[in-house]
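Presented as structure tokens, the chain that follows is alone, the form predicted on its own.
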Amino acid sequence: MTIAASIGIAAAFLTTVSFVPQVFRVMRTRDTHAISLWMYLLFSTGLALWLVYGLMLGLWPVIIANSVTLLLSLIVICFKVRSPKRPAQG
């Protein structure tokens, strides 16, 4: 394995795993008030495009990392969309 491949795999692993604490917190508390739906929608769209890119080029680290991260992101989006809206403060 080349150094470049090792760096790519490490980067893919770390960026994917970074979403796990947020997903666990949302699932545990069901609190999504402070989470931006637009950010997650835009991010998920980007992940989907990276996934297509990886599929087109057969890049397994890109495919796996973006598939897992997209799944985690979609879980947060589902909780955000299904959570009750808080009344406006102020």
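One-based numbering along the sequence shown. Values in this document were obtained by computation on a predicted structure and should not be read as measured data.
Here the subject shifts to the form predicted together with a further copy of the same chain, a form of this protein not shown in this document.
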{"item": "4.5 angstroms heavy atom contact with a further copy of the same chain in the predicted bound form for Gln22", "value": "yes"}
{"item": "Distance check, Met1 to a further copy of the same chain in the predicted bound form, heavy atom within 4.5 Å", "value": "no"}
{"item": "a further copy of the same chain contact at Tyr53 in the predicted bound form, heavy atom, 4.5 Å", "value": "yes"}
{"item": "Contact test in the predicted bound form: Leu72 vs a further copy of the same chain, heavy atoms, 4.5 Å", "value": "no"}
{"item": "4.5 Å heavy atom contact with a further copy of the same chain in the predicted bound form for all of Trp60, Ile64 and Phe79", "value": "no"}
{"item": "Heavy atom contacts to a further copy of the same chain in the predicted bound form at 4.5 Å, residues of 33-58 in sequence order", "value": "His33, Ala34, Ile35, Ser36, Trp38, Met39, Tyr40, Leu42, Phe43, Thr45, Gly46, Leu47, Leu49, Trp50, Val52, Tyr53, Met56, Leu57"}
